[in-house]
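So this first bit is one chain, no partners, the form predicted alone, shown in structure tokens.
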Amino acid sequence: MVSAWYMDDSDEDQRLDHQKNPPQPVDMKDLVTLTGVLYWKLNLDSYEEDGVLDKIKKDRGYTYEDVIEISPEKLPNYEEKLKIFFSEHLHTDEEIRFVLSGSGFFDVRDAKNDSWIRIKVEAGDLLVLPAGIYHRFTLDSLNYIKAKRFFVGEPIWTPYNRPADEMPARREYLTSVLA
């Protein structure tokens, strides 16, 4: 099951949990309110037949998908790519990931106070980051994740590094979350 918490300010290895002391967990209802991030837990043994993923894809208009596998052995230029994924950025489209195996962290900004919230994802977790949200991704200490990526139409994966506050996607995001 996905879990989330406010992060500490440590510069230690990005693949560590970075829990505050004492921990400040964020429950999933609050995560939606604070960030607009959506979450589903899918059954890995039956998602291809049970229709849950198909309904989500249809309801949200996802028409294209692929699979990404991130590990030192599977991803060319692994260390460089991990640095790129961990740079704070936004996209003009949703970022959708369904974890098939492994685990990692999505860090998202709380829209109200601009603090980092770390979301741990594991096999079976489907996460939707809204367009315009500042975020970043890293693996955890296991250094492995395999995930399906979904897109509306052909994939457009252009990151816009912070600051990108004047972009329409960012303004629309803030209006929707802060309303």
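Here the structure is a predicted model, which means the values were calculated and not measured. Residue indices: 1-based, along the sequence shown.
We do not show the form predicted together with a small molecule, though everything after this point is about it.
- Among the residues L142, A123, I68, M28, the one placing a heavy atom within 4.5 Å of the small molecule in the predicted bound form is I68.
- Candidate site formed by F85, E95 and A147: every one of these residues places a non-hydrogen atom within 4.5 angstroms of the small molecule in the predicted bound form.
- Proximity of Y134 to the small molecule in the predicted bound form falls outside the 4.5 Å heavy atom cutoff.
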